[in-house]
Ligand code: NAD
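Take a look at this single chain, the form predicted alone, given in structure tokens.
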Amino acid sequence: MSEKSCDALDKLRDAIDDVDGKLIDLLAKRLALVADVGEVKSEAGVPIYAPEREAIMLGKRRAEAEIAGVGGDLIEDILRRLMRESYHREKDVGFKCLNPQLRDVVIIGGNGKLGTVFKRMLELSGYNVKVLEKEQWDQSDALLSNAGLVIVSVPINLTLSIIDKLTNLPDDCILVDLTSTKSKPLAHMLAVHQGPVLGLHPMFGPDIASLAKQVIIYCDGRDSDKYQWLLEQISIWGAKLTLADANEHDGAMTLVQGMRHFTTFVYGQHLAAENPNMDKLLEYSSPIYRLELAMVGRLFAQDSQLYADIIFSSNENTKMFSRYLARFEMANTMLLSGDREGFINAFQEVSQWFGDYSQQFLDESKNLLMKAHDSRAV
């Protein structure tokens, strides 16, 4: 490269550096403004996540970006990343207390990972939270006697036995569980307690920085008017609440959780038995395959007892796994017999079943893959 070309390139790079610096200043100002918005929302009791406002804002910015020749996808990607950062920064912001007269909140298993999340959010909202662990059970009568809200946050295999011990709660106390199965815990809570009962299933892990956009499924138990404030409080935290019938919920979780965790477990077990060189697998993997490996590895970085509880929690899981195994054997038979045409026909049948969701999932996965590609270590 000639000296003149080098000088021209250096000037252009300096100009880019200058623009980058201005971008950083603008981003800092935006984050500061969002922090101010968060404080105002908290004082007013407004949910930190406003999907309607977000959709309108993104639509306007996309249109403006297209006119400017920047590209709608680019600006939406940037703004979504900024919003995620904003939500993460709001994790220690206080929230308006919707029920300041509430007596003690007692979280059974409050030192556990999920219990800790709810303890923090309730304390940020101004509630008096106490924790009850198994080594403190001899103090349970004293702790529970003044409870206005009791949350059961213990492993699935202990949930029913813990609920069955809660026979002396104050009549108006709200009894809640956080278990990933709902039918049996809800039935047990209704049997032991005559007051308000609510089933919750947080669809997230304990490592989240914010509840913004996280899904929490709830199943009505009894006296729903007595715990509406709690659902509204959770909405203020930014979570998306989804009402479900307990039996319908458990059937869906067999596919959403149990099935996925079990097949991921088997794939991980198969990888370990085949013992490939992981560095080489990653080197050979495109972003989509790297992402798939990451999802398998993610499972095995977490608590084995938790996933054993989920997988072994229901007889329906066992039946579903058996049906899956039968279909896997059918697919394997096609492979062994060289039935390529049968595979294509089966593929097309499944494609028709997915319908328009196929294109929707293709578009969503493209966005995920772009992020995976951008974050890949070099």
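One rule holds for the numbers: they count along the sequence shown, beginning at 1. Every value quoted in this text rests on a predicted model; they were computed, and no experiment measured them.
Same protein, other form: the form predicted in complex with this ligand, not shown, and the subject of what follows.
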Asn111 versus this ligand, in the predicted complex: is there a non-hydrogen atom within 4.5 Å? yes
Please tell me whether any heavy atom belonging to Leu178 falls inside 4.5 Å of a heavy atom of this ligand, as the geometry stands in the predicted complex. yes
Gly268 near this ligand in the predicted complex, any heavy atom under 4.5 Å? no
Hey, in the predicted complex, is Asp104 touching this ligand, heavy atoms inside 4.5 Å? no
From the list His188, His201, Arg290, His249, which entry has a heavy atom within 4.5 Å of this ligand in the predicted complex? His201
Please tell me which of Gly238, Gly195, Gly115, Gly148 lies within 4.5 Å of this ligand in the predicted complex, judged by heavy atoms. Gly115
Using a 4.5 Å heavy atom cut-off, indicate which stretch of 273 to 281, 121 to 129, 71 to 79, 302 to 310 touches this ligand in the predicted complex. 302 to 310
Residues in 203 to 225 that come within 4.5 Å of this ligand in the predicted complex by at least one heavy atom, in order, are Phe204, Gly205, Pro206
